[in-house]
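Below you will find one chain, with nothing else, as structure tokens; this is the form predicted alone, and questions on how it binds or moves follow later.
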């Protein structure tokens, strides 16, 4: 079977989800082809092609349009089928030609499945799979269902009409997609993120640090609840908890400046440290050497970092929002906070700190064991093989 995967950019070194998926499919005898926007970074895990680029220079763009048109001549039947479908959907001739150019690489593919790695990637490409005789799949990962539709409510109207199967990292995202118009008869499969256990530090006995070490991995974005994180830190200080809180992740200049100013207003410069983006191995080591992992997200599709914290044996605390309630088994592998507030979160942190050593050890061990049983790379790879069967 030949499977085409469409992403915005090649999977980074730390993006084990896509890398392990591609490797697993190849090991089972399937051919995988990756299509991304043009980039200097070439992915070497499988055949990698690029979408045509668009130039602001009119003459350069006219030349590119002519060249792409020539390369599409052997696929004229597909192109005509695609343009006809677009016209039947009410797309103007001019826009149909533009979309043909933008989707030229996809129109040349010989694949059985065309899988868009994020739902947003399928917008304006809804009719390509049918034109090339392939089945169409889309993945739900979080931002594409939680955030993007807030501004573009009907963005997926045409995607829902033509998708053959959905992959989602949580049941929560599927339920959310139903509210956005996804037909309930559309086949779907839940395949969660997984952990490469061999890349994690070995589970060791936690030593009690004189200063409590908290860690959060999150983009500096409102959906990650960074304001609530800072307010929680202020409450912990008021309750005379000796702590440092490392926030790993980056944001836009505007967002970063806003959170730095909020930290300044609260007088938390010596408590909360925004350390920016780090390599995956360094992130995991930081999580493993912290006392608690805290996720303050207002919603999440699932959250890899929370899963990795459990795999490292670091007790995770998060709000019971989105797919996080599928990620953590409350009271068994970590803790969920029902109310999204700084007061509720700070109270839960103090409650967990007060647990007996044996109780904490049990939670940590149960978390590690569950990851080993349910969230391995091997399980994930087999589930993707089943997805396309």
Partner chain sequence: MRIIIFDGSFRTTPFINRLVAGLAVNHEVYILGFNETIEKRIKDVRYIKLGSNQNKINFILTTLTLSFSKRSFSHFLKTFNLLFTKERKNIQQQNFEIAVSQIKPDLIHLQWPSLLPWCEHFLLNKKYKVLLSQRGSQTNITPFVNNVYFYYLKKWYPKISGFHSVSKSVLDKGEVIWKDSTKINEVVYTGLPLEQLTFKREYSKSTPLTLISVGRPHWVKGYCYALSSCKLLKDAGINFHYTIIGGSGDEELIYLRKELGLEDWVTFNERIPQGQVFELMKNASLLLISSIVEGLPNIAVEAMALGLPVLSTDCGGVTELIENHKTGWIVPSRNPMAMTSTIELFNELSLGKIQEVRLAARRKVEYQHADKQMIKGMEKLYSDCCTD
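Positions refer to the first chain, counted from 1. Predicted model only: the values in this text are computed from it and were never measured.
The discussion below concerns the form predicted together with the partner chain, not included here.
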- Query: Tell me, which of 147, 80, 196, 235 has a heavy atom within 4.5 angstroms of the partner chain in the model of the complex?
  - Reply: 147
- Single option in 72, 241, 298, 155 placed near the partner chain in the model of the complex, where near means a heavy atom within 4.5 Å: 298
- Message: Even though the partner isn't displayed, in the model of the complex is residue 210 close enough to the partner chain, meaning a heavy atom within 4.5 Å?
- Response: no
- Query: Would residue 92 count as touching the partner chain in the model of the complex under a 4.5 Å heavy atom rule?
  - Reply: no
- Query: Might residue 262 be said to contact the partner chain in the model of the complex, defining contact as any heavy atom within 4.5 Å?
  - Reply: yes
- Answer with yes or no whether residue 227 is in contact with the partner chain in the model of the complex, where contact means some heavy atom within 4.5 Å. yes
- Query: If contact means any heavy atom within 4.5 Å, which of 117 to 125, 274 to 282, 254 to 262, 185 to 193 contacts the partner chain in the model of the complex?
  - Reply: 254 to 262
- Of 212 to 230, which residues get within 4.5 Å of the partner chain in the model of the complex if you count heavy atoms? 221, 222, 223, 227
